[in-house]
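Just one chain follows, in the form predicted on its own, and it is written as C-alpha cells.
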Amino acid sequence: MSATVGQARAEAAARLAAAGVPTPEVDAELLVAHALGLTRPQVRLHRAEALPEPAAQRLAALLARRAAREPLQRLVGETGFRRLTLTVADDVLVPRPETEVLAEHAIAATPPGGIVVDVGTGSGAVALAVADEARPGLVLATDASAAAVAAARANARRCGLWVDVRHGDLLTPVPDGLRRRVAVLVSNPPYLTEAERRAAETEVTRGDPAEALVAGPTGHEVTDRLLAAARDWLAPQGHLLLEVAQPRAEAVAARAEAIGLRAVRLHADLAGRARVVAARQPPRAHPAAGDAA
C-alpha cells in the first residue's frame, strides 16, 4: 500500500535528521510540496491522501540529494529574500538569510531618488530588495559572472522590478558619469580564504561557486579593492556597506577609517555576529586625480 502524504513527510524528515540536515521537518515538507507541485499548506490539507507513484519517485531523488547536503534552494529552484521570491540559478551564489541584514541597511540608507550600486550582485537579491522597498532613482548592479548577470536580470523580470544589471569586474561597468554621485555603494563580495571555504557548512562547499566565496589567500583581496575605489564613487556623505567575514570585520572597519571614510560602524547579523561594515563619505569628497586640491 502506498504511503500517505503525511507518512511520506514524516519519513522524509527522519531521513534528513539522520543525515544531519539542520531543519529536517521544514525541509521535508518543502520537498514533499515540490514533488507534488503543491504549497506547504496544501501538503497539510492532503496529508491523508496516498502519495502518487510519480511524486514518490521525485521525492526519493530530492531526498537523496538533500541528504547529501545539496542546498534546499537549489532543489526547489527558488528562495525567499525579504519580500521577494527569487529563482536560484546554477553556478550563482544562493542568497543567505544573513544577507537580508545587508539589504536592510542599504534600504535604510537610500535617499529618495538616490543612486545605488550593488557590486557582485549574484542573483540580484540586494539590488532588487532596494528597488522594491526604497525609492531610488537608479539601482545599478554589477557582476563578473555572466551566469550571475543572467540570473539577476531574470529575477528582475520575475519580480517586476527595474535594475540596470551589467557584466564586469567590480565597478568597471559603472559609467564614469556616476563618479562621486553614488548615494549607496553596497556589496556582498567574496571574503573567504580557501581554507575557510573548505571548513564551511556542507551546503556552502557543495552548492555555491568557489569564485563567489573565495577572495584569495587573506580573504581581504576583493574588499580592499572596493575600499580603494569607494571614495572616487561615493557622493558626499554617501554610504558604503560591505558584508564581511566576522573574523575580519574589525580589520575592514579599520581599513575604511584609514582611507578617510567616516562614521564607521559594525552591524550584527541574525546570529549576533559582526558581519556588515558601514561607513560614510565625508561631507566633501576628496578630489580625484588631476583635480585642484
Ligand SMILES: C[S@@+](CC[C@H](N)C(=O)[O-])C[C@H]1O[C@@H](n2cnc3c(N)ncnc32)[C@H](O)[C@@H]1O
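Please read these numbers as outputs of a predicted model, since none were measured by experiment. So that there is no doubt, residue numbering starts at 1 and follows the sequence shown.
Just so it is clear, the following notes concern the form predicted together with the named molecule, a form of the same protein that is not shown.
- Heavy atoms within 4.5 Å of the named molecule in the predicted bound form are found in one stretch of 153 to 161, 131 to 139, 186 to 194, 105 to 113, which is 186 to 194.
- Note on the partner interface in the predicted bound form: the residue among 58, 65, 44, 225 having a heavy atom within 4.5 angstroms of the named molecule is 225.
- Interface residue among 178, 200, 76, 144 relative to the named molecule in the predicted bound form, by the heavy atom within 4.5 Å criterion: 144.
- Interface membership of residue 168, defined by any non-hydrogen atom within 4.5 Å of the named molecule in the predicted bound form, is confirmed.
- For residue 71, no non-hydrogen atom is located within 4.5 Å of the named molecule in the predicted bound form, even though that partner is not displayed.
- Proximity of residue 89 to the named molecule in the predicted bound form: non-hydrogen atoms within 4.5 Å are absent; the residue sits far from the partner.
- The closest non-hydrogen atom of residue 84 lies beyond 4.5 Å of the named molecule in the predicted bound form.
- Along 4 to 35, a non-hydrogen atom within 4.5 Å of the named molecule in the predicted bound form is carried by no residue at all.
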